[in-house]
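A single chain comes next, written as structure tokens; it is the form predicted on its own.
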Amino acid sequence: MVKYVLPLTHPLLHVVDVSVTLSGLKILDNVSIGIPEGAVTGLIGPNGAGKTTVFNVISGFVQADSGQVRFDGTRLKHIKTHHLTSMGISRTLQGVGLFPSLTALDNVLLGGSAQVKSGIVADSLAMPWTDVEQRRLRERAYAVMEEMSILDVADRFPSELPYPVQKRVAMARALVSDPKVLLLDEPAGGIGAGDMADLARIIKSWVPNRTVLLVEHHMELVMDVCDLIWVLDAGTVIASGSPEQVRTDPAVLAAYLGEEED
């Protein structure tokens, strides 16, 4: 395990004093978390703690009332969700979010579309980079699908695939852009113990070449793969540290882990 001195001095991704109010309810209250480069960072807490809202602020789905998000030392302003991949950030959703009318391969290819210059004008003018970029993206998609052990379902539609395989397709779509930071929103949701063991192996294989922020309810997965964990409760950070530190933190036991054990 990588050891950290908290607070982190130079996180790759940094959420700083972020507050969010939705429909009159304070969802996040001055939340600050740091995600170190080349590690797996977990974000946990009971239902309604604000975990996915943190993801949505980073992704541009939700506008913060105050605070900021910094990526690689630069403040992200007016974040547009469709610009995330070009900035080096990619995310999955709580479900799968696959397009049912597209094959698994085509769904994965969509994750790298921001990196391809070709468009209607370029295609109509037969620009020389069009075929080259499309071929590179397709090769990258094949490589990622092989990494995720789903290359054999490339030509099948989501409805034809078991849910755990759909989850892998969704992760492959997020990976195909080769992001610096990968945001995983409950990747273990809806999968069994055997698939979860494979998921843990895959996530751990990504570091230190890839940085991961993981929101997850399955504590066994979090404790297995994470180097650093942040804990939210009622929209505030109540603890942070290594899995060993978080596992025995009284505030965490009271707010979350203790409830699950009871």
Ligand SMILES: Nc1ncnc2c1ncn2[C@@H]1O[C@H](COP(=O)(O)OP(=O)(O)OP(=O)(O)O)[C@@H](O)[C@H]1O
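Throughout, we count residues from 1 along the sequence that is shown. Note that this is a predicted model, so its numbers are computed, not measured.
In what follows, reference is made to the form predicted in complex with the named molecule, a form of this protein that is not presented.
Here the marked residues 144, 148 and 162 all miss the named molecule in the model of the complex; none has a heavy atom within 4.5 angstroms. Distance criterion of 4.5 Å from any heavy atom to the named molecule in the model of the complex singles out 94 from the list 134, 86, 113, 94. In summary, among the residues 40, 33, 58, 27, the only one with a non-hydrogen atom within 4.5 Å of the named molecule in the model of the complex is 27. Contact annotation: residue 63 falls outside 4.5 Å of the named molecule in the model of the complex, judged by heavy atom distances. The closest non-hydrogen atom of residue 46 lies within 4.5 Å of the named molecule in the model of the complex. When the named molecule is considered in the model of the complex, residue 22 lines it closely, a heavy atom lying within 4.5 Å. Using a 4.5 angstroms limit between non-hydrogen atoms, residue 217 touches the named molecule in the model of the complex. Here the chain stands by itself, but in the model of the complex one stretch of 66 to 74, 219 to 227, 46 to 54, 205 to 213, 46 to 54, has heavy atoms within 4.5 Å of the named molecule. Using a 4.5 Å cut-off on any heavy atom, the one residue of 173 to 200 that reaches the named molecule in the model of the complex is 186.
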